[in-house]
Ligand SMILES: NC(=O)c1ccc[n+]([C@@H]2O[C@H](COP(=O)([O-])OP(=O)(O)OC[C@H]3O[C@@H](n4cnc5c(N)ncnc54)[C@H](OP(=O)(O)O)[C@@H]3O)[C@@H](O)[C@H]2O)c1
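The chain below stands alone, shown as structure tokens; this is the form predicted alone.
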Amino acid sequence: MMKQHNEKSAAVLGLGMMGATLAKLLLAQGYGVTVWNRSADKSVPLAEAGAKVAATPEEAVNSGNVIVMCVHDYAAANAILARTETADWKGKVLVQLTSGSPAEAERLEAWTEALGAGYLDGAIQAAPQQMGREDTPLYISGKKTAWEAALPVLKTFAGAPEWLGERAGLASSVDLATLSGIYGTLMGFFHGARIMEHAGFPVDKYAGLLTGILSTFGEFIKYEGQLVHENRFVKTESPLSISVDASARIQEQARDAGINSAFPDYLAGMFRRAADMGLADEELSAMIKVLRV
């Protein structure tokens, strides 16, 4: 069971741009903050702001009730945490804000709980300068008792952090899913930029046009997402056949223009596969069936 601490104390392991920002936010809210970083020079500005600098990760863990970790990857995180196994972890909460996979989160949860501590995995989808705002997106997963114990700290980082549920890997899954959507959009944008360059149209104006479309496209994404959630694929808004034809035109234009066709080849190939599966006369949401195979 997690302790309900009266003392406002936290430790931050990892003082990159994000970690240092998190430590500053905690200091600004009156927390007693202990920091540790592999390169000690990054601790200096925080020490001047009032943070205690730990000589070892173990010392940092012993100094805080909520332990916040934000480093490059899980390999670095696990190497640091291996140096804390003799620390007093009982009743504390580890908030892991290092990006990783759902499987990595679940393994670290098991390690943490074996030491008598709670574990939360988090996904920050904001830049350091956006932290601490009411609209900062921060997604958290892990046991509810750990969530409740660490919530005051989490609200320092984001005004309304969102708890996704008790499965430790959920935050990482959300992070990967949203990044997939973002990177897919960006690759489409960059291919569109090549179409515009070939046509002699200013790319900055194209970016403005696309931004205007995307501002209203969110409603369509929500609609299609709801259909996928409900397993409803009867055509209502956008028959999949339209996208089969449109993606083929994008592919054809790339070949005619002699520009890189890697993106449209993939796109058209996926829609052709859907058509071959007999989905052309269903709603666009039926594309999920291709990915479920």
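Don't overthink the numbering: it's just position in the shown sequence, from 1. Here the structure is a predicted model, which is why all the values come from computation and not from measurement.
Keep in mind that the form predicted together with the named molecule is not shown, yet the notes after this line are about it.
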> the named molecule isn't shown here, but in the predicted complex, which of 71 to 79, 216 to 224, 103 to 111, 162 to 170 has heavy atoms within 4.5 Å of it?
Replying inline: 71 to 79
> If you check in the predicted complex, do 14, 39 and 98 all have a non-hydrogen atom within 4.5 Å of the named molecule?
Replying inline: yes
> How about residue 115: is it within 4.5 Å of the named molecule in the predicted complex, going by heavy atoms?
Replying inline: no
> Is residue 270 close enough to the named molecule in the predicted complex to count, meaning some heavy atom within 4.5 Å?
Replying inline: no
>> Would you classify residue 25 as touching the named molecule in the predicted complex, given a 4.5 Å non-hydrogen atom cut-off?
In response: no
> Taking 4.5 angstroms as the cut-off for heavy atoms, does residue 124 touch the named molecule in the predicted complex?
Replying inline: yes
